[in-house]
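Presented below, as structure tokens, is a lone chain in the form predicted on its own.
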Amino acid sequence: MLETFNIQSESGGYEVSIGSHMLVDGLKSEAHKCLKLIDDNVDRLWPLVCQGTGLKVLAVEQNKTLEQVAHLIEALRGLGANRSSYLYAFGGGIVQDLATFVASSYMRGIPWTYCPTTLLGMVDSCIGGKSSLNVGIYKNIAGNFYPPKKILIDIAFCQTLTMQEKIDGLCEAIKICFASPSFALEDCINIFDGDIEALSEKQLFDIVRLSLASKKMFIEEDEFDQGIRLLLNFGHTFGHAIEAATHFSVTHGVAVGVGMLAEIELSILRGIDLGKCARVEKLKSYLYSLLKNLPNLKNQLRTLSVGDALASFRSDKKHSTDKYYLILVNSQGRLERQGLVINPELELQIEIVFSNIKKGLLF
């Protein structure tokens, strides 16, 4: 299994290759001689892949910061990196965020290759060129656009993922497919019926390929998040608040899965009749089939502080001073970006949704 395609980008086009065992059998390229930024856990699980000169990072949300970027830049300089150096990054979304920012800013920019090792990274964040960093209490408030020269996706890395990590990726994949104006939602459901234990390498390959093909349209049409690409924020405004209000015990992809259900709920509270919308029912059924595999999720959500969730929600960088900007569902089951005037009625509706999340009423 091997497929290669190109992404057109104003920041510089780049190549994406999806395959199996092209990296885990040994990176037979100049990468052994290059600098590497490696998730600690990946280095432990795949030592042959990551051999060579490398910077290790503990890939946790608390390290996705400007302070960590500064530390990595200092470490690169200590290793003798210069403008001709090349960086390979191995890890999930946190490593990608750090690598994007480090590579773009080190000596005003060095080239790099990204090798995602999580399903979430493979199906979603690997293309698009964005970095997002946390500053203080504000999640993803800093960042830039600096795509890698190449993206190498090795499905074999999924062998060491936990069920929760697979669900993280599958939630993001179905989000992209639901946002797509094509039949990607139906195609994704046809590839995988929800039995995670039986999820095969071929199914993973097909899901990654479908998800990235769907996202490719969004980022090539709207590289810098000014229009249609904003629809891919579906589930994220509530999702980020869920992460923060549970102290990140709920992982990103799962939080986005619950966040999609939350934004469907808010659409209904605002008067949208989705009772007979087959498209929305397909999405909800698919998310239920994923989330039911996480028996501790409802307990984690019970720890959610509604006050903290509301505070995080209100501080989201997508909002303006007088409007909350959300991706909601219309009566045809399609996504729309809406600027909702902030008023007591809207605040109460949002609080009701968070309360229902805490009570476990959304799934």
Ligand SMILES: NC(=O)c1ccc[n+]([C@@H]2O[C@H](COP(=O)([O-])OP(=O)(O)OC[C@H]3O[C@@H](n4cnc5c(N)ncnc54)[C@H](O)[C@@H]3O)[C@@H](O)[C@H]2O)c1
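Bear in mind that the values here come from a model prediction, so they are computed numbers and not experimental data. All residue numbers refer to positions in the sequence shown, first residue = 1.
The same protein has a further form, the form predicted together with the named molecule, not shown here; the description that follows concerns it.
- In the predicted bound form, the named molecule sits within 4.5 Å of a heavy atom of residue 130.
- The closest non-hydrogen atom of residue 148 lies beyond 4.5 Å of the named molecule in the predicted bound form.
- In the predicted bound form, at least one heavy atom of residue 59 sits within 4.5 Å of a heavy atom of the named molecule.
- Looking at residue 64, you'd find a heavy atom of it within 4.5 angstroms of the named molecule in the predicted bound form.
- Comment: the named molecule is not present in this chain, but in the predicted bound form one of 233, 125, 113, 180 has a heavy atom within 4.5 Å of it, namely 125.
- The three marked residues, 94, 139 and 157, each reach the named molecule in the predicted bound form, with a heavy atom inside 4.5 Å.
- Only one of 280 to 288, 200 to 208, 266 to 274, 95 to 103 places residue heavy atoms within 4.5 angstroms of the named molecule in the predicted bound form, namely 95 to 103.
- Residues 39, 41, 42, 45, 46 are the members of 34 to 48 with a non-hydrogen atom no more than 4.5 angstroms from the named molecule in the predicted bound form.
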